[in-house]
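Take a look at this one chain, the form predicted alone, written out in structure tokens.
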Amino acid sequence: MSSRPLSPPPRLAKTAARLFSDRFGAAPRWVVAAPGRVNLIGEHTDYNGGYVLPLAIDRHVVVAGGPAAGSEIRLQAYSAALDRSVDIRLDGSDAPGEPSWANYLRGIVSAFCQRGLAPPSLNAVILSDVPIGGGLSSSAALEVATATLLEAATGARLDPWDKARLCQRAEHDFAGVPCGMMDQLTSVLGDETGALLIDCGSQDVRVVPFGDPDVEVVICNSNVKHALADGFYARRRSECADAARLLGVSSLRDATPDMVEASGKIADPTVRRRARHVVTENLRTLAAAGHLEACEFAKVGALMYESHRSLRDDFEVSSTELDVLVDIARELGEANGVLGARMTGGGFGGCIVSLVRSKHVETVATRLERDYAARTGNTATTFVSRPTRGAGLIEPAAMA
């Protein structure tokens, strides 16, 4: 668990602590937080051993927790967003089930118990301002926040990569999503000075500074929720595995664009397109990290547009709504402060991410929301985020 105290929005921390006190009649012993994430570039490359460039955002899942009285060893967790409670046995015996949101908690509890870290009886209140189904890793933030609470309750200190793996496994086994580890790792290791260039093959992580006050990360939510457990995500992952097998490599990280295009081994054009996206996205991600470090934001933006086209045409995980938002951003262009935009997250809905000159942010947000409504009849919501720190305990001053 991070030894550095966190300072997420005081309102969120105060509200979580107050809800806990109102519900359980005592102040929480611990309040922990884990951020969501936005991925600047490097989509569907993590489970292919490739490169990603995410940053933790200043939207958090906050969990207030404390010891529970009584002889029954269980976690009673209350979701403020859903106004629902669930009881989870703390011996690791719970299987996936209903309500489905509790499967993320069940998976974390099970993983701790498998390591001999069975927690004591606990009460918990969960509060979040990470948009659900927006491709900003609300599920990973919930997993990491739960793991952080259990670290505090058991006195354990998990290695950051080990903690991320534990949370990833919970999502695989209890939520049915065969995700990579980018989301969980970013929530654990987020850094307030910049984005994380993560090599998902070698497990190297490097902070790429992003401190230019003249450029902002603007996130626009299409408010079309995605659902990665519906089979589309698993199908894409299977297609990538097929491509790697046909090319004779352990993962698509080890393939090149020339290998994909020149090889007659991939007869299925769909599988070839999936492979082409992954191998070109790895190159775009490495190039974008270099340009970001050099503050060459227009070059980063150009790569973001390329990434979106690849995700739309080759990987086929975009949606009409996401395409409309990226089209609006592109039409605004550099003259109106937009340097680049792309869908972010697993796809099939959710958000786009844009790099925007700071003085144009308000105008760009207004245009994105107005033009999106005019073209789709739907309502988009926009916010700005700077990089933030990964999961940990919230400092008491934040709740004073």
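Note that the coordinates shown come from a computational prediction; the quantities given were computed from them, not determined experimentally. Each residue number is its position in the shown sequence, starting from 1.
Quick note: we don't show the form predicted together with a small molecule, though the next part is all about it.
- Contact with the small molecule in the predicted complex, defined as a heavy atom within 4.5 Å, holds for exactly one of G350, G42, G337, G49, namely G42.
- M181 is the sole member of C220, M181, I266, L122 with a non-hydrogen atom lying within 4.5 angstroms of the small molecule in the predicted complex.
- Heavy atoms within 4.5 Å of the small molecule in the predicted complex are found in one stretch of 181-189, 81-89, 105-113, 204-212, which is 181-189.
- When contacts are judged by a 4.5 Å heavy atom cut-off, P28 does not count as touching the small molecule in the predicted complex.
- The shortest heavy atom separation between F174 and the small molecule in the predicted complex exceeds 4.5 Å.
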